[in-house]
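First structure 1, then structure 2: two forms of the same chain, each alone, as structure tokens.
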Structure 1
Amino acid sequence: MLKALKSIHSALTSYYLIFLLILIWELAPRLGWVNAVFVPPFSRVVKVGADLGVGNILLYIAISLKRVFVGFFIATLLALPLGFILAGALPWLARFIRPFTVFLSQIPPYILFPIFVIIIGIGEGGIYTVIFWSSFWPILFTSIAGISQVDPLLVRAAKAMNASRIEIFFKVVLPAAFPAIMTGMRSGLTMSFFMLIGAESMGADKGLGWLIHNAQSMGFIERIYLGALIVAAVGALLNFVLDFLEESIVDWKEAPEEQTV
């Protein structure tokens, strides 16, 4: 019994702070520490979610995730080959255009959204463009960095064994650069998801961003908190899935050495 309790305690250790925050959130408005109009109790937010319905919530999540994955897939489809070409075949061109690409990547997608709307129009096109812009640059930069940092000795050793260029790329370069590429893809997907919320609030009639924007417009305070909780939960789930995939696929990374005192 004691062993089982220790196991449960070990499993829940990372979540104690979350439980504490939920408890404070529930008690603070009820005890008058904060204004319940602007900070409703956690249970009231949960009740609003129950009234909205699991089906509607899942529908909003599905719509938002579809937009994220479409924009992210297009960005990956373009950024990865471009990064491989620039870092592997044309490194001089990568160095030449780097200041320009860095400049473009520093422009927030929110600022460009009105321009995207003017060029592409209101609706899905502008939202997909924001997602594409948000995820394209991390994937491009990390793929270039990953390819550039491949140990030249590995490439020379492969050439000494008469390996073809295709074999060198898929058996030496790509495995060595893949951890960095996965990091960029995780950053791009996370960034595009949170940028989506802002894009949906400006040009959509469904989705998590629309849920928050609509609640703000109508003065539904509980729905604003509900939308924020759902966004945080889905973002955490996406990050967990990507971490799991990286650990499952990139199984050749060296484990960090333990330091002994």
Structure 2
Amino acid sequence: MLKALKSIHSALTSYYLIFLLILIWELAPRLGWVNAVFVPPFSRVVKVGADLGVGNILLYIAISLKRVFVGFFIATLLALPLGFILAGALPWLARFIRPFTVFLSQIPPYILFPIFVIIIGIGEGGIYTVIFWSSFWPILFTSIAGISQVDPLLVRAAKAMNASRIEIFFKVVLPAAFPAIMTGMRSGLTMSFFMLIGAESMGADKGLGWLIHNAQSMGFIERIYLGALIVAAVGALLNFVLDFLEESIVDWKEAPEEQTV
């Protein structure tokens, strides 16, 4: 019996603080510590969520995720080959245009939104462009860095064994650069999800960012909290899935950095 309790305790340790926060959130407005209009108790937020309907919420999540993934996919499709070509075949060009690419990558995508609206028009295009912009640069930079950091000894060894250029690329360079590229893709995806909420609150008619923004302009305070909760949950879930993917795909370069004592 005690053992079972202990195992439950150790499994739940990580969540105690979250439970505590929810409890305080529930009790504080009810006991009058804070104004219940501005901080609605947790149960009311959940009830508003139930009123909105699980189906609707899932729909909003799906719409937002679709935007993220489409924008991210296009960015990956363009950035990866470009990075490979720049780093592998034209390193002088990569060095030459580097100040320019750094300059472009530093333009905050969020304030580009009004410009995209002027150029492309209002609607999905602007949101996709913002997401594209925020994931394109990290992927490009890390793929260039990853490829140029491949141990030249490996490439020479493969050359000595009479490997063709394509073989060298697919069997030596790509696997060696893969962990770095994965890191870049991951930070690109995280960044896109981060930007998405901002872009959706600027101009959209569906989605999570819109849910929050709409609630704010209509004064549905419960819905603001609900939206923030959902965004945090989806972000955590996305992170969890990425962790899992990274562990299952990058399985060969587990060795840590060499220990120099």
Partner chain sequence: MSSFWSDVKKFVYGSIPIILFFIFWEVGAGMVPKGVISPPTEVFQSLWAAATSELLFRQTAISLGRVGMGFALSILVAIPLGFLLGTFFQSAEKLLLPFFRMCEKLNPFAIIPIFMIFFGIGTAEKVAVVFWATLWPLLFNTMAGARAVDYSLIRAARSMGATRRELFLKVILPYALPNIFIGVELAAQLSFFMIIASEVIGASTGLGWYYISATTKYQLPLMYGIVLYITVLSILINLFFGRLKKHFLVWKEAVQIH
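Note that the rigid core is defined as the largest set of C-alphas that superpose within 1.5 Å between two forms. Here the structure is a predicted model, which means the values were calculated and not measured. The first residue in the sequence of structure 1 is number 1, and each one after it adds one.
Answer for which single form is the form predicted together with its partner chain: That would be structure 2, which is the form predicted together with its partner chain.
Shift in Å of the Leu20 Cα between structures 1 and 2 [rigid core superposition]: In the core superposition between structures 1 and 2, the C-alpha of Leu20 moves 2.9 Å.
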